[in-house]
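Take a look at this single chain, the form predicted alone, given in structure tokens.
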Amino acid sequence: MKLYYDPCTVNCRKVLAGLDLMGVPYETAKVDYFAGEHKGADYTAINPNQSLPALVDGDFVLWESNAILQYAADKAGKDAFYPKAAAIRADINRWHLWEANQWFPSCYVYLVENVVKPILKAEPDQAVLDAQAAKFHQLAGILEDRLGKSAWLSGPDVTIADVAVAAPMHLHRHQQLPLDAYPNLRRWLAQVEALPSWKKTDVAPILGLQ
């Protein structure tokens, strides 16, 4: 399997950490996001969405970071991280869909305003942040409630659900995510950050963040 990626993006960080967590072997091909290489003809032939990452396994090409984690877990037989029991698997799939459709877009607003714009020497727009606050707190409340009942998102052990949902928060200090009111979420996030695979894929140094 070959992963086309740039370590600085949320979804690439997710897949890198997830594959390392599971101990799945793979090759890499760097695609420079800030240089726009993901929009070039060669990469577009792999992923017509022009988004990162993408996985190529022989003749099989797969985009979407959560699908890549699911496929890699199944192919490598990593059932501990993506159990085959129907209810647990459906729960993990639910969190993957929720992350992509709800959580990522909300966290991404804070990432753009408080991380990307300063890197590009632009000013954050407080009005944009204020407009997103209610939605973010609604979603954070969902996580807070779940994590008050379970050590990890899908039970007593870490799974690929945890990596997926943590990824949009991976620069939470720099994103200035408003997490003070969510002790269960913060406890869980600290657990994720203690994982060797998470530490290994930290992008803050790459982006020059302290």
Ligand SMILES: N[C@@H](CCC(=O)N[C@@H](CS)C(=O)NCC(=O)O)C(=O)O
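Keep in mind it's a predicted model, so treat the numbers as computed, not measured. Each residue number is its position in the shown sequence, starting from 1.
Although it is not shown, the form predicted together with the ligand is what the next lines describe.
Problem - Selected contact from N184, T28, S51, Q176, since only one has a non-hydrogen atom within 4.5 angstroms of the ligand in the predicted bound form - result: Checked against the cut-off, the match is S51.
Handout entry: the ligand in the predicted bound form: contacting segment from 30-38, 139-147, 154-162, 176-184, heavy atom within 4.5 Å
Key = So the stretch in question is 30-38.
Practice task
Evaluate N11 for contact with the ligand in the predicted bound form, applying a 4.5 angstroms cut-off between non-hydrogen atoms, and reply yes or no.
Solution key: N11: contacts the ligand in the predicted bound form.
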